[in-house]
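Shown below, as structure tokens, is a lone chain in the form predicted on its own; questions about how it binds or moves come after it.
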Amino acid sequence: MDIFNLIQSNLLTPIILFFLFGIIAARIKSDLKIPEAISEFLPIYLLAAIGLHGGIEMRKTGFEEMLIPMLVAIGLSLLFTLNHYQILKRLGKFNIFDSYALASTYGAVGAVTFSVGLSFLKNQGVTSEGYLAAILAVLEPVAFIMAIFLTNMAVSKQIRSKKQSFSKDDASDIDIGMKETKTKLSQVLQESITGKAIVILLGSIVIGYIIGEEGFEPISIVFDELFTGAIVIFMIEMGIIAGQRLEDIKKVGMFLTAFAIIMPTFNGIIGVLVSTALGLSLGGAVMFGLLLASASFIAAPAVLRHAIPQANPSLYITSALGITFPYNIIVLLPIMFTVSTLVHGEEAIDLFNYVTKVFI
């Protein structure tokens, strides 16, 4: 199946159709909305389901198997975050605050996108390494912490350079302001780690590891068979929110629109190739690539509005939710699946083994 047929097939799945339905509902000004209690419950349910499966898989495979992929994912996330910043600051001409906010948004991961990716693989009859859920949990705060740290350094440098032109009293006030800026990193670290998304994901991974497959069996009807249905309902809300933000796409400009499509594609394909080299399965490589391609539109606003209040939220929310999320689940997932299928073919594996023997 080629990429275009796969994209067309993906468009006709319930998840994508309900997402598009939500967009249409928003555009025709319908009063359709998911009750607040359900919209708060569904992300918790999805993360719990992902975490339980991840914990069970970790129990079967062991921590040592996931260590190298996790370290590589962290390294790539940090590298991509720095790359995002340079592109946004130098080519996009964004200010330092918007550049770091956008860079960390695209360096972080999207749990909702991850959920859709799992459903996509299920439709293709392909499985992935469950321990990728643990990598999801680790990557969530990494890009934010790095971006806030670098922002604090840059702001502190600006403050120090300006202190010379102020009086002694003013310089003292600037010192106080600089200390307040530096304390934000610890606040972001605490908020990222203790946020409900990370807590429920990590807690579910631990529980899944403890109970194993036998303990999961009595609750499998809730956390396995109902998983896709829960995503479908959640996609209606995501579609409504995305539809409401379509008008804002004009405000982010052509450069950021292109960035929101090109960078996830680049990051995702690199992730597929690297994870294949690390020995991940066809489905595992797709999900690894999706981790690096996704942008955070739930955790990012919660963290960045406190961490980098000078940044414009409409830029990172609109680009991540209004552009990157639909592109990833409709177009990029089939692209990465096709790339992963090609590099997992026998000819590609033989070529990789030959190159490895020559250079190693």
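Remember, it's a predicted structure, so these values are computed and weren't measured experimentally. Throughout, we count residues from 1 along the sequence that is shown.
Although it is not shown, the form predicted together with another copy of the chain is what the next lines describe.
Practice item. Scan 258, 91, 210, 71 and let me know which has any heavy atom within 4.5 Å of another copy of the chain in the predicted complex. Key: Of the candidates 258, 91, 210, 71, 210 is the one lying within 4.5 Å of another copy of the chain in the predicted complex.
Review point. Since exactly one of 75, 279, 218, 125 fits, which has a heavy atom within 4.5 Å of another copy of the chain in the predicted complex?
Key: So the residue touching another copy of the chain in the predicted complex, by this definition, is 218.
Review point. Residue 44 near another copy of the chain in the predicted complex, any heavy atom under 4.5 Å?
Key: Looking in the predicted complex, residue contacts with another copy of the chain include residue 44, since a heavy atom lies within 4.5 Å.
**Study point:** residue 33, heavy atom within 4.5 angstroms of another copy of the chain in the predicted complex
**Key:** Yes, residue 33 is a contact residue.
**Study point:** 4.5 Å heavy atom contact, residue 247 and another copy of the chain in the predicted complex
**Key:** Outside the cut-off, so no.
Check your understanding: So in the predicted complex, does residue 81 come within 4.5 Å of another copy of the chain, heavy atom to heavy atom?
Key -> Heavy-atom contact with another copy of the chain at 4.5 Å: absent for residue 81.
Practice item. Could you tell me if all three of 96, 121 and 267 have a heavy atom no more than 4.5 Å from another copy of the chain in the predicted complex? Key: Contact check failed for every one of 96, 121 and 267.
Review point. With the partner removed from view, which of 149 to 157, 81 to 89, 198 to 206, 284 to 292 is the stretch that lies within 4.5 Å of another copy of the chain in the predicted complex, judged by heavy atom distances?
Key: The contacting stretch here is 198 to 206.
Point to revise | in the predicted complex, residues of 49 to 63 near another copy of the chain [heavy atom within 4.5 Å] | key: Only 52 sits within 4.5 Å of the partner.
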